[in-house]
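In structure tokens, the next block holds one chain alone, the form predicted alone.
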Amino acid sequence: MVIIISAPSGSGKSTLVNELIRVVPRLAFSVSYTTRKPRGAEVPGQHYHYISRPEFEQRIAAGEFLEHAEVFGNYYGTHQRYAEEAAAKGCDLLLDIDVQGGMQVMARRPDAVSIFIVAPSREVLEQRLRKRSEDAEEVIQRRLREASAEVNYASRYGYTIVNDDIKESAQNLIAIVRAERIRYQRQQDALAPILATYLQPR
């Protein structure tokens, strides 16, 4: 499966995704490419692959990205190789991407499992952004404006998790992925013998 998880900045997505990866096996996490600079304790290759804007644009032209988008003046993208590597390992591909990228992947993969995470209110989101103490006031206001636009896409995702309680939200996210795996596997198991009959020589 391809699993898309999107959320406005400050919604708690990273915490939930980390818990999902910790609990659920056989998930291949895609490390995005970006043209922005590392923040805080971010580690190249672990949080992002940091590359220059010209290199990113060269990779776009070469068709290397499964999805890509420009956010706050910086490019972000998922390399095609992560989908290929996940399939080779028998893993589900987990994409932590913004709504622009989410829409691109859904268009390419209508069977993708899509999950949108949102804070319980704009006020709570603002409190969380300020509590992080990572961004200047201008950046916080920009993120809030962006969040107001991003929440309009929530209805286009298969699931929405309101992240009010982090433990409950993590349990819900884990339950969604486990249930979708069962559904996907049943579909594959039920379909395989039917398709096999069409391949028999006449």
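A quick note: this is a predicted structure, and the numbers were derived from the prediction, not measured. From 1 onward, residues are counted along the sequence shown.
Beyond what is shown, the protein has a form predicted in complex with a small molecule; the following relates to that form.
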None of 71, 83, 106, 91 but one has a heavy atom within 4.5 Å of the small molecule in the predicted bound form; the exception is 71
Is the gap between residue 112 and the small molecule in the predicted bound form 4.5 Å or less for some heavy atom pair?
-> no
Does residue 32 reach the small molecule in the predicted bound form if we count a contact as any heavy atom within 4.5 Å?
-> yes
Is residue 76 a contact residue for the small molecule in the predicted bound form, using a 4.5 Å heavy atom cut-off?
-> yes
Answer for residue 118 alone: is it within 4.5 Å of the small molecule in the predicted bound form, judged on heavy atom distances?
-> no
